[in-house]
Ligand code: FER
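A lone chain, given as structure tokens: the form predicted on its own.
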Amino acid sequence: MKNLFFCLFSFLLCSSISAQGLEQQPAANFDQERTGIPKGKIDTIHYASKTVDTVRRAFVYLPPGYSKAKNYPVLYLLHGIGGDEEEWLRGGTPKVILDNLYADGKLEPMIVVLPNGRAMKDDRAGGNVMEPEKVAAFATFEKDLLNDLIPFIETNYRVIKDRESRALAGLSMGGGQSLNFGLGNLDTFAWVGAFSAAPNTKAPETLIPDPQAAKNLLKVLWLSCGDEDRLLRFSERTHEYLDEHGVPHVYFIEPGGHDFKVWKGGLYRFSQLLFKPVDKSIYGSTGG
């Protein structure tokens, strides 16, 4: 019965999302590399982090046809607790997904930054990733992101430097970071997405103490999760709070667990909403 409810809810929500051109299901082979289409490129960057007092690595996806003659909005895309800046590239094929969406005319041109969300000097994912020091480093990343990484990107790439041109999203631990940092810094981010948000996600009343400010400032707030994910409750409780306080958002539940099948779908759908006029019908019954 529970799975039937989720399937029905997802169908209804997907139907409303279709108003803005998002398919009920990702297009066939949406994550498979195509030949004969323009391709983006991946840069490797190293930036000085005053927060961590070291030089840190990140990757930057530049869209097909990237030109220094124009300025671009930016999506910062975060990994999970067991990963690092390579996790999306290893398991999520973001370059392929985005290249295919551009070929289909479904994305606004944007830069995507894939950083290491574990802000500490030894930021590798090896050993016990649940060590308190390593877990705390995910919270420290807020300062690294705001004070070090974003200024580096905005100095070294042609980007638009305003809140409406910045998006933050992530999977699992990175989903929790995206909610914590994005909703906690609405002067910096207007687009926030969480795919299978993890237990690091702050309580809803702490995330959004001023629902009216969130209504006024957010362009799109996205929550998605698999219906078999043991962490579903963290997305569910945030959705319930947002619904109760009339904060427009997308709440998308699809078949699956805590894995890249769901996270790829999250990136595929969320990215199509970014940096363009928002069709309010995407919110369906979840909006205020």
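Counting begins at 1, following the sequence as shown. Owing to the predicted nature of the structure, the values given are computational and were not obtained by experimental measurement.
The following text describes the form predicted together with the named molecule, which does not appear among the structures shown.
*Report the residue, out of 253, 58, 250, 231, that has at least one non-hydrogen atom within 4.5 angstroms of the named molecule in the predicted bound form.*
Selected option: 231.
*Just one of 81, 110, 101, 149 has a heavy atom within 4.5 angstroms of the named molecule in the predicted bound form, so which one?*
It is 81 that has a heavy atom within 4.5 Å of the partner.
*Looking at 172 to 180, 209 to 217, 90 to 98, 159 to 167, which lies within 4.5 angstroms of the named molecule in the predicted bound form, counting heavy atoms?*
Correct option: 172 to 180.
*asked:* in the predicted bound form, is there a heavy atom of the named molecule that lies within 4.5 Å of any heavy atom of residue 135, even though the partner is absent here?
replied: Yes, residue 135 sits close enough to the named molecule in the predicted bound form that at least one of its heavy atoms falls within 4.5 Å.
_Please tell me whether any heavy atom belonging to residue 239 falls inside 4.5 Å of a heavy atom of the named molecule, as the geometry stands in the predicted bound form._
Residue 239 lies outside the contact set for the named molecule.
_Quick check on residue 74: any heavy atom within 4.5 Å of the named molecule in the predicted bound form?_
Flag for residue 74 set to no.
*Is there a heavy atom of residue 130 no more than 4.5 Å from a heavy atom of the named molecule in the predicted bound form?*
Judged by the heavy-atom cut-off of 4.5 Å, residue 130 is in contact with the named molecule in the predicted bound form.
*So which bits of 196 to 212 sit within 4.5 Å of the named molecule in the predicted bound form, heavy atoms only?*
Contacts from 196 to 212: 198, 199.
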